[in-house]
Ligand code: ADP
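To begin, one chain is listed below as structure tokens, in the form predicted alone.
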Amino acid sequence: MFDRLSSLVIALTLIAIAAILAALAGGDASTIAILALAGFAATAIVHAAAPAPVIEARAETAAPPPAPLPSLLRHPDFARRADQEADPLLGTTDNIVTVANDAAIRLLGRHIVGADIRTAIRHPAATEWLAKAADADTPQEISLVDFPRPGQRWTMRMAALSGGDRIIILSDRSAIDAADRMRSDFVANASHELRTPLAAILGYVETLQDMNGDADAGMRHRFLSIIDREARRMQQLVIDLLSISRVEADRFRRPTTPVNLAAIVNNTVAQLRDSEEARAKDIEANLGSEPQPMLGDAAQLGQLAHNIISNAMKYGRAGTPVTVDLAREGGRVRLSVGDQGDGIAPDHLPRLTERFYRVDEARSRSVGGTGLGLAIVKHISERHQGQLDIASEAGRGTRVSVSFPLANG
């Protein structure tokens, strides 16, 4: 089909040809004019009848949709990097676990990969939190109490990625909670231990003041003796509290000073034998003649030996020996102190180095124990890379030993 422009060109061409032919045929001027007018009229009709040209609009090329961002969880380096994390790390896509590092598998099991995260972490708080994770008000971290076992606590954090992916990190807070409880217990126990002798001192002082000189010399002397004993008990408790505080502050600093453990133990034994302790003469030392060189803090090692030996003197039976032995064992040297007391039941042994723990509170207080002696021994031993061992048999006695690495071992 011709468009309007093409039809107009053809019509004009035909008019021109008709006019030329009429002129050649000898037609007059009026005939030629009529023929031209008719041609123009026909041309107009043809031009009007011809369809208007259709201008096809060029359709704009639509921009292709943006390619989806690659998933971080599927990156080949992600799993390798995740395994280097000490904390359990999980990657999920639409709540399905797709990535679990080694720590997460050790904690939750290998079966969690491919499982729904809400069932992989079996804890009510985690399930509720994950169900609301899309809400703006959802906290970014929650606590999982008694997870995965009673008495433990973990925290759970989440980072949302594109495409429904999430990264979930679990962190163990059990040790932090235990340390907090220990600090609270320590403060409470120390306050109690200080309050007890202080109350006795204040009570007897008030009694003496109320007597107004009416008491006989014997009663006054007895009351003053009790006050003196309780004051000394408070003094020793303060000394032990300061000691354990200093030892704990130094526990990460390894000693670098060369010392002779044999000389330190020998000096401690000599001090105890020269003291006014009732059992000072019961000490039997077998320290040998050769030096025992090691790297250590002489003051702390002396306190360790003093605590172990004085404990054996307090809890052993009167008239029985308190043995102190020092001997080499390969590249180490072992200090052993034994008594012939009533012994300690096996269920108490693991707790003997806890601060303020006593097997028999009444007896411990009666002999002047503060409940901190073996706790101090434990901390000093750990700082010097020592190995502490406590063995006891009911009715036969107790032996406490600590072995240390020799400087040339």
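Residues carry their position along the shown sequence, with the first being 1. Note that this is a predicted model, so its numbers are computed, not measured.
The next section is about a form of this same protein that is not shown, the form predicted in complex with ligand ADP.
Just to confirm, with a 4.5 Å cut-off on non-hydrogen atoms, which of Asn311, Gln292, Gln303, Thr92 contacts ligand ADP in the predicted bound form?
Exactly one listed residue reaches within 4.5 Å, namely Asn311.
Should Glu382 be classed as touching ligand ADP in the predicted bound form when contacts are defined as heavy atoms within 4.5 Å?
Answer no; every heavy atom of Glu382 is more than 4.5 Å from ligand ADP in the predicted bound form.
Residue contact check: Trp154 to ligand ADP in the predicted bound form, 4.5 Å heavy atom:
No - in the predicted bound form, heavy atoms of Trp154 and ligand ADP never come within 4.5 Å of each other.
is_contact(Tyr315, ligand ADP) in the predicted bound form, heavy atom dist at most 4.5 Å
Yes, contact at 4.5 Å.
For the spot marked by Asp339, Leu352 and Gly371, is every residue within 4.5 Å of ligand ADP in the predicted bound form through some heavy atom?
Yes, the whole candidate spot contacts ligand ADP.
Contacts with ligand ADP in the predicted bound form, stretch 318-357 (heavy atom within 4.5 Å)
If the 4.5 Å heavy-atom criterion is applied to ligand ADP in the predicted bound form, 318-357 yields Asp339, Gly343, Ile344, Leu352, Tyr357.
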